[in-house]
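First, one chain by itself: the form predicted on its own, in structure tokens.
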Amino acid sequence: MDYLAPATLDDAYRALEAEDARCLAGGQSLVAMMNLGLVSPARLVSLRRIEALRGIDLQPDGSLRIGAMTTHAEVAALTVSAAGPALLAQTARVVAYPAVRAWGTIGGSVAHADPAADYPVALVAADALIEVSSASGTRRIAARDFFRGLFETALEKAEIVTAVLVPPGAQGAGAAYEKLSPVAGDFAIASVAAIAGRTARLGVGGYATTPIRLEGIGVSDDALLEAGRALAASSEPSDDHRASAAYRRRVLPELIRRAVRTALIGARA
């Protein structure tokens, strides 16, 4: 297996043109899969040396541009009040464990597209854009269109996730991330990312092969529980070693209610 560590994006693009080449970001998912024999790429292209992929920048419109090689710990340390960025910071604080947060990156997690991971559902709820680049140029993809299935994304060959763009969200809105997992730090049985003000916009994760998005939901307890029951009745949740489909249907309405209630408390504060 070849191992390359380019210092520029242009060099990374060229390295990824080889057959069966894979990007190595934080390595928290890819290395584990390699150790289990699930993947065996012919070439690893490390992104660690590419400074253009690092950092968190506040944009003129109040949105954040988060470089793909920004670690979970750096996102978790954000002190922000706008709903979208605040949702990402809350989400990062419950990704796995401190050691993983210190090395894992937001771009690596996004490109991996595990349906039980934390970022995809939060990015869908926040109306975020995923910036991807290759030698052919740069494009931005809405998060709700980027995640296409189990470990499947809109990335094309030799494209790299270069950044995540998170809009500020509605003025006066609050944000919350609720995650139900077997033990602290594990992947989600089900998760709900909420941005709420007069109405709520939700992302539901750990439930299906891609995040589910709900918009314009009323914020009363009755409306939230009804929205959760309707989704549970009309969807086909995952049935796996973490939980049965029936259990996921059962807990979803209350998880939605809790997420929005917490978001509204944050909005008032």
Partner chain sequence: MSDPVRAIGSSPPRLEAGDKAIGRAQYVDDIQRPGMLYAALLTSPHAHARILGYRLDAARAIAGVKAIVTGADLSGSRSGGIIKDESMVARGKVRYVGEIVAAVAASDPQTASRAATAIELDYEPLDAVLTIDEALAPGAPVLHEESASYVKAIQGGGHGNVVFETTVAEGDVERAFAQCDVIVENTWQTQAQHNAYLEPGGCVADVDASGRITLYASCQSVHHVQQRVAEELGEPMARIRAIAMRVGGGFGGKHASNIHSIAAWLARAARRPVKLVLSRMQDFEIQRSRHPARIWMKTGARRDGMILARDVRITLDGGAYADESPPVLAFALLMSRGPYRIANVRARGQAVYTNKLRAGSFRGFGNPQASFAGESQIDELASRLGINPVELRLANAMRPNDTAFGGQPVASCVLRECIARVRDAQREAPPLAPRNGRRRGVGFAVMSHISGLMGTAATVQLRTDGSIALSTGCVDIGQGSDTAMVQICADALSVPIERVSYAPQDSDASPYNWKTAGSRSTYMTGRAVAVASLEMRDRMLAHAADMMECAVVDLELRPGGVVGLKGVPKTVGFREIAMRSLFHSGGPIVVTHGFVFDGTGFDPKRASIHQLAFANLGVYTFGAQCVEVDVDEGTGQVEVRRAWCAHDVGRAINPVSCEGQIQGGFVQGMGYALVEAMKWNAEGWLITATLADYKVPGVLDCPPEIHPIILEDPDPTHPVGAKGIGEPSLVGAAPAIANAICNATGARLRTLPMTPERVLNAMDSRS
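As the structure is a prediction and not an experimental result, all values here were calculated from the model. Numbering follows the first chain given and starts at 1.
Just so it is clear, the following notes concern the form predicted in complex with the partner chain, a form of the same protein that is not shown.
Although the partner is absent here, residue 182 sits close enough that one of its heavy atoms falls within 4.5 Å of the partner chain in the predicted bound form. Interface membership of residue 235, defined by any non-hydrogen atom within 4.5 Å of the partner chain in the predicted bound form, is ruled out.
In the predicted bound form, the partner chain stays beyond 4.5 Å of every heavy atom belonging to residue 152. The shortest heavy atom separation between residue 250 and the partner chain in the predicted bound form is within 4.5 Å. In summary, the region of this chain contacting the partner chain in the predicted bound form, judged by heavy atoms within 4.5 Å and restricted to 138 to 146, 160 to 168, 182 to 190, 107 to 115, corresponds to 182 to 190. Contact with the partner chain in the predicted bound form, defined as a heavy atom within 4.5 Å, is made by none of 7, 11 and 213. Only one of 209, 220, 244, 59 comes within 4.5 Å of the partner chain in the predicted bound form through a heavy atom, and that residue is 244. Counting a residue when any of its non-hydrogen atoms is within 4.5 Å of the partner chain in the predicted bound form, the one hit in 1 to 40 is 36.
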